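Below you'll find only one chain, the form predicted on its own, shown as structure tokens.
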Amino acid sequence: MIRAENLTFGYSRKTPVLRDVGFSLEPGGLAVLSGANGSGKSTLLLLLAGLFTPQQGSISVQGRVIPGEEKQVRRRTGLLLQEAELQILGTTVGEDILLGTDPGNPENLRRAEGLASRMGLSPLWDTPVEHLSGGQRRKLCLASVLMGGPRILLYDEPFSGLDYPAVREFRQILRDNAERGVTQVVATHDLEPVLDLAREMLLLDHGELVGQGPPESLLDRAAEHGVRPPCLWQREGSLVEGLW
């Protein structure tokens, strides 16, 4: 589904943000991409979304290869930015979900209303976006992304700034997407809210991939790379979804 080989990228050629990164992810799973701030997580997501082109190496997404097929990759992926305000362009909830489609098409309207219902946004359909809470804005961004029908979803720090009820709601969204067979990559430095849902973990440190595998295989050395293991793992050496 997703494969990166010898991936190198930098905003300046003298200082690469990612160096010789290589990994593969199976379809339909949820992978956590972790590392301290500045480790290259957001940059890697932008590359996987087809928004940047690597200076060296390649990325394959559902058989489409970067460099060369960035546009086709963008059609297959959806990216949820950490700053929801940068992604919301409509003036109301309904308008934002329908942006980029023909709102007069009954099928588009039906799909948009269905996504609003799935995200708990139906009562807010005509609400100005500036009146939404942080969690509601993040769900609106995801609903708008899902209108494109992506089979791969990339999230940049999706739990940042959310209170406990909003974290629980977003965890349920991740579960629902997994049940629909969507491949998901969650970039975060905070493992607590999501790691128990993950099948795979990628660990970045200063632009280098220092580990990939089941979360349990990496957690004992995560702190060496600036990532705090979940409290339950530190106390009992286990991850239990039911605590949420």
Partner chain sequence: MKEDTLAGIRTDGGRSPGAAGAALHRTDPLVKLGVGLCLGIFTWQAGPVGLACYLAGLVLVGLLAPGRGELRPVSLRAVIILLLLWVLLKAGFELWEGAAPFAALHQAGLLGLRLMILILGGLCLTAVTSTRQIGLAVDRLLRPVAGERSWRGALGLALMIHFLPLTLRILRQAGMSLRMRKVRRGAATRLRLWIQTVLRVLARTTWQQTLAIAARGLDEPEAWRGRVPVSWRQIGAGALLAMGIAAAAWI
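Predicted model, so just to flag it, every value in this text is computed and none were measured. Positions refer to the first chain, counted from 1.
Note that the form predicted together with the partner chain isn't included here; everything after this is about it.
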Practice task
Verify the flagged residues Phe52, Gly94 and Ser122 against the partner chain in the model of the complex: is each one within 4.5 Å by a non-hydrogen atom?
Solution key: yes
Practice task
Report yes if any heavy atom of Gly149 sits within 4.5 Å of a heavy atom of the partner chain in the model of the complex; otherwise report no.
Solution key: no
Exercise for the section: Indicate whether the partner chain has at least one heavy atom within 4.5 Å of a heavy atom of Gln136 in the model of the complex. Expected result: no
Exercise for the section: Answer yes if any heavy atom of Arg74 is within 4.5 Å of a heavy atom of the partner chain in the model of the complex; otherwise answer no. Expected result: yes
Handout entry: Contact label in the model of the complex: Glu85 to the partner chain, heavy atom within 4.5 Å
Key = yes
Problem - Candidate from Val210, Ala36, Leu46, Ala178 lying within 4.5 Å of the partner chain in the model of the complex - any heavy atom - result: Leu46
Problem - Single option in Leu132, Leu174, Leu79, Leu115 placed near the partner chain in the model of the complex, where near means a heavy atom within 4.5 Å - result: Leu79
